[in-house]
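To begin, one chain is listed below as structure tokens, in the form predicted alone.
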């Protein structure tokens, strides 16, 4: 697992091909029953190698997940090329029962040739199958958003059963840290404090020399936050391997846990703003840290690019996860109230 110390230049386009085309692409999501028995990671890497050879020249971008005995694939690209991909994967013996769940023309949300994901879950295949059936009905009845990222999240990262709104319409917040794994440390503390389960995901990129990254999340059914709260901790490298590009527009805010090194904070903020520009999405950015973290400099940097900035200042001398959460949770309540008031 990636230690979250590998940094790339801010604003770097993840697939190295510059700004994305404005031309609509065909977006397709399908599910299928896995025939993999044994270690999944090694087989996912073999799938990646095959996909890179076939899909890259055709302009296709793919996200593939393995969870609870199922594959879920999200593919985007020129319509003819995506249709050929569907014909090809239908004959692959590593799965069966392929079912197309979503098909639309729209803006590209995948920016890497291939992203693989494995979710650590105790969920049995029958539960996953039932969710696929419910989701298919919801799509037919127009009860679910038509963006592929929403379909993917509803299917692959469903909210906990006790969340106020089963559809997952609560406040979704991304956590990043300017150094180390402090965003994951805070998420772990919150989970232990509220006795909430953490869902762990591992994302693999399209090349062996690009480290895997983690993305963990938890749900909090706060009564004073309509719909509840989902906290999603991301590794910094997800900003350059395409993971954040796919899902950032579905978040309501991003929290950066700041470091004492102001330049490091500026670099991370610059990289985040670069992703927002590439996916054409602006959202509030919360800077969580002590007064000497350079919030005034960061606020000017964010606002110059059209982003709302919120200082979440942790008083000097307070350094525990409990202190950081007390300050952050208050700010998130204010943010939630401002979005529903």
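Computed from a prediction, not measured in an experiment: that's the story for all the values here. Positions refer to the first chain, counted from 1.
Missing here is the form predicted together with a small molecule; even so, the following discussion is about that form.
For residue 309, no non-hydrogen atom is located within 4.5 Å of the small molecule in the model of the complex, even though that partner is not displayed.
The small molecule in the model of the complex comes within 4.5 Å of no heavy atom belonging to residue 29. For the chain shown alone, residue 50 is a contact residue for the small molecule in the model of the complex, at least one non-hydrogen atom being within 4.5 angstroms. Taking the partner from the other structure, the small molecule in the model of the complex has no heavy atom within 4.5 Å of any heavy atom of residue 251. Stretch-level contact check against the small molecule in the model of the complex with heavy atoms at 4.5 Å: of 84-92, 265-273, 196-204, 214-222, the positive one is 84-92.
In terms of contact with the small molecule in the model of the complex, the residue from 305, 299, 64, 283 that brings a heavy atom within 4.5 Å is 64.
For the options 71, 184, 111, 152, the residue carrying a heavy atom within 4.5 angstroms of the small molecule in the model of the complex is 71.
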